[in-house]
Structure formats: C-alpha cells, structure tokens
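Heads up, the chain below is alone and in the form predicted on its own; it's given as structure tokens.
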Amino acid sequence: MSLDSFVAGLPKAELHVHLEGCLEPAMLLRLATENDVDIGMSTEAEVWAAQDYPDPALSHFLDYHYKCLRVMQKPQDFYDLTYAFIEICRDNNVRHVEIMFGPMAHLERGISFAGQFEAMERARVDAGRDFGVSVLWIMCIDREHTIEEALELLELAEPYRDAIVGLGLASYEKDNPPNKFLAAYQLAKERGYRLTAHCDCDQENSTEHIRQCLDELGVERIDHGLHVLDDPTLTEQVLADGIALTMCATWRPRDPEPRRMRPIKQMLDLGINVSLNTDDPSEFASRHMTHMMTEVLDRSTMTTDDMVALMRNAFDAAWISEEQRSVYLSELAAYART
C-alpha cells in the first residue's frame, strides 16, 4: 500500500481547526464579490501567494486571517462555509471533528450571535446527515477582547448551550495572558463546558501561559502547547493529568518541510496525548488532513505507526461519548491491522 493510500484510508479525528480558517479561495472570492468587501485579492493565485507569509509570527498570520473573515456577512455565508468544510472532512475520512468558531470578530461587525450560530448549526445537522461526519462546536474567546466582553459572549451563547461542547481561547497572545479570562472560565465550568485554550508556539511567556491554563483555568486540553517541553515540571504535569495537546504541523509554501515534527515525535515517545491537526487548512500550504499527513510521512521521520498513534490520541481526547469513542477506536485498530 502506498503512503497516499494508507493516509487516505486512515480513520481520522481532528480537534484543532478554526471554521473561519476553512474559507477556500473560491468561496472567499465569491463572498468578497457578493458582499462588496475589498480583501485586496481577486484571483485564487493571489490568495495562495498572500498565504506565503514572509514572517511566520502569529500576529502576521492573524492579520491576514481577520482580513479574510470580513467577507462573511450573511447567515447563508456561515451555513455555506460550515457545510463545505464538513464535506471536505468526509473526503479526508475525518470521522469526527471538533470545530472552533470565533463569534467576537463577527459581533463587532454587527452580526448577531444568533445569526451566526443558527446558520452554522443548521449546516452541521444537514452535513452530518449527508456526509456521516460527527461534529462538535468549540466557542473561542478572542483574547484581545476584555473579560467583560468574554462574559457577555457566554450570555449570548446560553440559549445554545446544549449545542456547544467547549470553550476555547484564541487570537493575539501578546499582553493577553490566559488568566485575564479566569472569571469566564470559572463560569463556563459551572455551566458544563469542556475547557481548552491556545498556547501558541514561540510566544512571550509561553511556559507561564501554559501554567496558568493548567493551574488557574483548569483546562483539559491545550491547543498547540509546544513549550510544555521547555519545562520538565510542566511535562510531568501534562503526563500525570492526562492533558491533551492539539499540535499542528502547518507550513507555508516557503517552508522546506512540515514544522515542529521533532517535538511532536518527542511528545509521542514520552506518552503525551498529542494529536496532529490542521489549524486553518485553507490558509496554509499544509492544507487538509490527508494532504498534511501524507506530507508529514514523506518529509519527516514519522512512520505509519506514528500516524495511527496520533489518531488514536485524537479519538481518546475527543469530547464524545465512550460508546462513540469505542466505535472509532475499533475502526482505527481494524485498519491498522491491515
């Protein structure tokens, strides 16, 4: 069996992907035209070229990301994006996906929470029926906002509480430590949300931010979490408490190979529950799961056994029922035996 065939057939789960980062170039340009939004790009080639970020810093990527999501203006836009991405999940044999969404950037443009989420949820139901993909929602606080805005977001989401499994923390990390949102996380825990938070790679005070997430916010997962490895105490804590790390091997066209593969392999060998995810697949050259994992196998020291282990970790860390988890793990084990 070729590597391409192996990865294509591998049952997959993804725990770290942002809905707004799944705007494929064709849809991005269509919505820009429909909604009269100037994004400074008019062809797919220009979109791909703009994604070859000259500086990989988080802030440069986020500036591009927020420029693009402005094209989402109508409820139908949120429906179309959600439905299209879940179809892509089916095509990549992603059996279960937990999609992060960031309402704050749309709220500040005057788009109501209900207008966003009700369209997304209708698309989740329709696409689940049509494509057989299990989908859960994780609502993210954008950390450049205030704690008051974060608490208001939780109130806006309350009518839809049963449809949203988790709360996350994303966006610009500089000068926005996790414990800025301690009150929001305490309220979310009281309301039954599962908890995660971004601690992105190569940020200021990374290990301190991870410590805050673990000791103060009480998260169950950390999105990225590369710098757990910088502090033996944090490494031991993550192992002892079974904290999952949703790492991403994303890369730009100019990058020679998938990024961060050595520490991901180290985490795997240490027994940390680390998984492999696409983050923003329509905004990186790494693209969606099958393409990304095939390239990882071809351009790193990772093996097919490692790919199976990474997917097993993802199913283990997913916020699904034990019955559903058992089904997926049985599928994965049966595939691995072949």
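Remember, predicted model here, so these are calculated numbers, not experimental data. In case it trips you up, residue 1 is the first one in the sequence shown, and so on.
Omitted here: the form predicted together with a small molecule. The next part is about that form.
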| property | result |
| --- | --- |
| H65: touches the small molecule in the model of the complex, heavy atom cutoff 4.5 angstroms | yes |
| 4.5 angstroms heavy atom contact with the small molecule in the model of the complex for Q116 | no |
| Contact label in the model of the complex: H224 to the small molecule, heavy atom within 4.5 Å | yes |
| Contact label in the model of the complex: R95 to the small molecule, heavy atom within 4.5 Å | no |
| I39, L58, L297, M27 - the one with a heavy atom within 4.5 Å of the small molecule in the model of the complex | L58 |
| V238, V133, A170, A249 - the one with a heavy atom within 4.5 Å of the small molecule in the model of the complex | A170 |
| Heavy atom contact within 4.5 Å of the small molecule in the model of the complex, the stretch among 195-203, 107-115, 73-81, 158-166 | 195-203 |
